[in-house]
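There is one chain below, alone, in structure tokens, taken in the form predicted alone.
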């Protein structure tokens, strides 16, 4: 008789709530505004779906980490605004001071390249050229954001600039790597 042990993976704590709490330190926001802010800024390094966002808002409200201000009868068109509470700020600070967990990185392009011996080199090179083009486009986008941020000033901007610089340096490194990889596949020296 053989015994199989069922391995149950440990559930990773949901970090969506900390993204929300962080945004609410900037200003009170509606659920729509939170999603829009994430899509326009954080999504370059931290993605959240509506399926993650709205349950997290409910959980945060229930745990009293955020409060919800509903519009009065007279303010029909006003949105429901979420605000961080003192308890929520305390939890955010505790998380900010804690050691970060290992991030799971998934890159379909690298996975395809890893198994590239199964297709022509030209096809692999085309994937790399397409990736390089996307990175050049993203670099242009980042430089535009940098230009906009340098015109503004608030306590948050310094930290936003630091994360943006990470994106700029990462994209430039990715472009260099694409160029080097294409040369190697073409049979030229690295």
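Positions refer to the first chain, counted from 1. None of the values given here were measured: they were computed from a predicted structure.
One more form of this protein should be noted, the form predicted together with another copy of the chain, which is absent from this view; the next part is about it.
Next on the checklist: Just checking whether residue 57 would be counted as a contact of another copy of the chain in the predicted bound form - the rule being heavy atoms within 4.5 angstroms.
Outcome noted: Because no heavy atom of residue 57 falls inside 4.5 Å of another copy of the chain in the predicted bound form, the answer is no.
Next on the checklist: Can you tell me if residue 124 lies within 4.5 angstroms of another copy of the chain in the predicted bound form, counting non-hydrogen atoms only?
Outcome noted: Flag for residue 124 set to yes.
Next on the checklist: in the predicted bound form, is there a heavy atom of another copy of the chain that lies within 4.5 Å of any heavy atom of residue 44, even though the partner is absent here?
Outcome noted: Yes, residue 44 is a contact residue.
Item to check | 4.5 Å heavy atom contact, residue 142 to another copy of the chain in the predicted bound form | outcome: So residue 142 does not count as contacting another copy of the chain.
Checklist entry - Can you name the residues of 80-117 that have a heavy atom within 4.5 Å of another copy of the chain in the predicted bound form? => result The stretch 80-117, when checked against another copy of the chain in the predicted bound form, contributes 89, 92, 93, 95, 96, 97, 98, 99, 100, 101, 103, 104, 105, 106, 107, 108, 109, 110, 111, 112, 113, 114, 115, 116, 117 at the 4.5 Å heavy-atom cut-off.
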